[in-house]
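The chain that follows stands alone, in the form predicted on its own, written as structure tokens.
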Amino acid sequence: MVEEEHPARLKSVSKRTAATGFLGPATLVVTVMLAAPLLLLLRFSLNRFDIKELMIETVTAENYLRFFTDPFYLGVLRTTVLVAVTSTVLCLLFGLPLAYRLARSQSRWKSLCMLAIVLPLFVGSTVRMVGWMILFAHGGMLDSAVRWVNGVGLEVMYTPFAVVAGIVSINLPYVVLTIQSAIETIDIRIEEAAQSLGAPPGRQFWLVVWPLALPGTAIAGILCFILAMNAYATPYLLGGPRFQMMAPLLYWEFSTNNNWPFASALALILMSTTLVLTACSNLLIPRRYRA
């Protein structure tokens, strides 16, 4: 018995060694390429900014204190989180039924429906936002249609609703495709067994499909939340100058003010907030359902 286990152990060790040899260099390159810019941002964020000399090398927490003691910047962060959470919830509410219907569909039109979902991804987000601007603008299609119905226009442009609608339109295909792939891995015979035991369709979904699809749904929600937190073109074009979110503010500090130390601090705060909230979202999933 010992002689049989010894070759198996050697074989397992050789497999791990081979895997390490293949993945080790790529992992090292990715780690360095990710860590080096972050360390550079951290070093820049500890510098001081001067209008004449621009960036002065020193070690100070002035940029972080400026952010966390100024109500304006805290309000921008709060707005960014609220928009990201709202967009994520809406994407999940709209995407889950659509993904389930696509995953269980046996129609010959399924491929066409999949193409309709994937097709917007071939168009840049900026181009799509221009389309939303045409729709929401004063005198645009939506405003003209509402004005024709009741004589009063509908001002949607440069509002939080316009920003959330734009973000949802961009992130929804990612959510649908992610959840659909998770549901397709669930054996349909499990649902058929629940149906044969007398469970109605709604009960089948919540007691059978939902727990099994929850890890994939969580991944879709996390992906949507990260994309919404870092959205730039949508709040810039649909929100206007008065609607501030972190990504446009960060770019403005970099390009217009040339305040690289404070912009670096903004970038690290945005990334840290996104990572912390993403990690905390894992606590919402029951332990037995976590992937």
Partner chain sequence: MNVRRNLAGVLALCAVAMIFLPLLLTFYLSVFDETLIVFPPHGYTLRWYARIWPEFGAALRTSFFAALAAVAVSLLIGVPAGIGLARYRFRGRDAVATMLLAPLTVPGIAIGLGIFVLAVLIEEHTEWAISGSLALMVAAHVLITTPWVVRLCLASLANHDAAAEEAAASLGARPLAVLWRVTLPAMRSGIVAGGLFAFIVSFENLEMTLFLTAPGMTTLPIAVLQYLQYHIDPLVAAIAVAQVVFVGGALMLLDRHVKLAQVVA
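If you're wondering where the values come from, they're calculated on a predicted model, not measured in any experiment. Positions refer to the first chain, counted from 1.
There is also a form predicted in complex with the partner chain; it is not shown, and the following applies to it.
Student: Name the single residue among Val149, Leu82, Ile190, Leu93 that comes within 4.5 Å of the partner chain in the predicted bound form, judging by heavy atoms.
Tutor: Selected residue: Leu93.
Student: Scan Val156, Ile219, Ala194, Leu212 and let me know which has any heavy atom within 4.5 Å of the partner chain in the predicted bound form.
Tutor: Comparing distances to the partner chain in the predicted bound form, the residue within 4.5 Å is Ile219.
Student: Does any part of Pro200 reach within 4.5 Å of the partner chain in the predicted bound form? Heavy atoms only, please.
Tutor: Within the cut-off, so yes.
Student: Spell out, yes or no, whether the shortest heavy atom distance between Ser169 and the partner chain in the predicted bound form is within 4.5 Å.
Tutor: Flag for Ser169 set to yes.
Student: Just checking whether Leu54 would be counted as a contact of the partner chain in the predicted bound form - the rule being heavy atoms within 4.5 angstroms.
Tutor: Judged by the heavy-atom cut-off of 4.5 Å, Leu54 is well away from the partner chain in the predicted bound form.
Student: Check whether Ala165 has any heavy atom within 4.5 Å of a heavy atom of the partner chain in the predicted bound form, and answer yes or no.
Tutor: Yes, Ala165 is a contact residue.
Student: What residues in 218 to 235 sit within 4.5 Å of the partner chain in the predicted bound form, counting heavy atoms only?
Tutor: Stretch hits, in order: Ile219, Leu223, Ile226, Asn230, Ala231, Tyr232, Ala233.
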